[in-house]
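Have a look below at one chain only, the form predicted on its own, in structure tokens format.
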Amino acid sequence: MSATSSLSRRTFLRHSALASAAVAFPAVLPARLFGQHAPSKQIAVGIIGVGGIAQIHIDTLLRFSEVRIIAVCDVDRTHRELAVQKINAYYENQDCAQHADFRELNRRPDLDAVWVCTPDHWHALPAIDAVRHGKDVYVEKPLTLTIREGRELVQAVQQHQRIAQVGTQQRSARNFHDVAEFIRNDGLGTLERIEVLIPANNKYCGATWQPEPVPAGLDWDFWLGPAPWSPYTRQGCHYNFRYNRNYAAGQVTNWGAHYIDIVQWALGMDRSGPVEVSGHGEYPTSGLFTTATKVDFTCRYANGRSFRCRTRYDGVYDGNLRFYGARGWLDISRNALRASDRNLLREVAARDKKIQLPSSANHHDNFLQCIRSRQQPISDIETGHRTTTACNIGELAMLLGRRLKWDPVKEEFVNDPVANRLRQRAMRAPWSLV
């Protein structure tokens, strides 16, 4: 018998966001404590990519009295105009600026922080550009499309001494924190195995798609950016970017980034990663979508511990994470925390554990407070890069169909030039990482 303690990603983030609205900030702090700008009581924010998940970020940030959204950017005119209308209506003015080019937004001298909420292939370049121009950044997960992009972004953040938060917001949820802390303290005894379940794809596209005229107001060439050129079709744009390998890695980095992040935290691997990965995936053989329709890979760490990430087929659009140990099992999702024994749930919730992990009451609040304090946030840039890398090497093992050895110190595959070439992708001119 199991015990249970009592949300799509959007629902989870929205619930967390509403909680943050009640958090009070210090009365007066400069908008830029470490730049050349005049003092301000507010943190001035710009948002790059204002469709989809960005709407939840906007709704949340509008509720912070110490934050002001002063500019948005999107290559789709409809998206940015709707965002500006919402922001201006809330502030009861016409002050929010709109840009079609992220470089214009990043060069604004009145901005303190930038939210990057673009498709995955557009995470690295705007974020790197932002930190090079003195902005702190919040980058949606997965941090970047490729391993090399991730390392370049980490180095830029460190070189320019910026604060960066990654959108793996489960680290700011109490149950996930408590489970990770419990596992870190060997609460289940000898850990036997870890299972990560991620949802099946929720969008499909067969071989019948056709190129279409680009809608008015959408800069399709800019939307593609560093990705290979492709004709426009509505089935391949905006949310559906997730299922084309030119722009993303499907559910491996969509949901895997959330739950593998908790595995890394629980195992104390935030500055490291697996040393070996193997797996098998199933991929479309025709059509517009190219990411895995079935995911199954296993990552092993140097200490012998491992996790298996695979697709679930029960129709639930959420992830699950289950730890098995000598004392039983724990299963956590955004909806519930369950255990093989009710006593384990009480121990998970206890506050007297020997090893104490850092905690955050809310992901947005945590980032904003760190902008002021210059302390590292709960999902700092190196942590986000290591989590995304674990997802990336799992996908590459499935693509290549063979076991790969990974060196987490050098961040390269061992004696495998083919796999190593896949750590990065060529960028379409004029875009580059340098």
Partner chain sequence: MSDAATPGAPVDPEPAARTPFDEHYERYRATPDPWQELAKLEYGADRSYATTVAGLINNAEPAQRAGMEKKLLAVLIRSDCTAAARAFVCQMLARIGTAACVPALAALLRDAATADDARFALETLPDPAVDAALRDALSSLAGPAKAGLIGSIAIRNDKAALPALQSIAQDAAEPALVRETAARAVARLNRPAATS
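Positions refer to the first chain, counted from 1. As the structure is a prediction and not an experimental result, all values here were calculated from the model.
Absent from the display: the form predicted together with the partner chain. The rest refers to it.
* Segment assignment from 135 to 143, 88 to 96, 225 to 233, 337 to 345: heavy atom within 4.5 Å of the partner chain in the model of the complex -> Correct option: 225 to 233.
* Would you please decide whether Thr285 lies within 4.5 angstroms of the partner chain in the model of the complex, comparing each non-hydrogen atom pair? => Yes, Thr285 sits close enough to the partner chain in the model of the complex that at least one of its heavy atoms falls within 4.5 Å.
* Asked: Is Ala216 one of the residues lying within 4.5 Å of the partner chain in the model of the complex, judged by heavy atom distances?
  -> It does not: once the partner chain is placed as it appears in the model of the complex, Ala216 has no heavy atom within 4.5 Å of it.
* Asked: With the partner left out of view, is Leu399 within 4.5 angstroms of the partner chain in the model of the complex by any non-hydrogen atom?
  -> Although the partner chain is absent here, Leu399 would touch it in the model of the complex, with heavy atoms inside 4.5 Å.
* To do: Indicate whether the partner chain has at least one heavy atom within 4.5 Å of a heavy atom of Pro211 in the model of the complex.
  => Yes - in the model of the complex, heavy atoms of Pro211 and the partner chain come within 4.5 Å of each other.
* Asked: Looking at the partner chain in the model of the complex, is some heavy atom of each of Arg245, Arg428 and Val434 within 4.5 Å of it?
  -> Result yes, every residue of the spot touches the partner chain.
* To do: Name the single residue among Gln356, Gln161, Thr78, Gln155 that comes within 4.5 Å of the partner chain in the model of the complex, judging by heavy atoms.
  => Here the answer is residue option Gln155.
* Asked: From the list Arg148, Arg310, His177, Arg305, which entry has a heavy atom within 4.5 Å of the partner chain in the model of the complex?
  -> Contact with the partner chain in the model of the complex is made by Arg148 alone.
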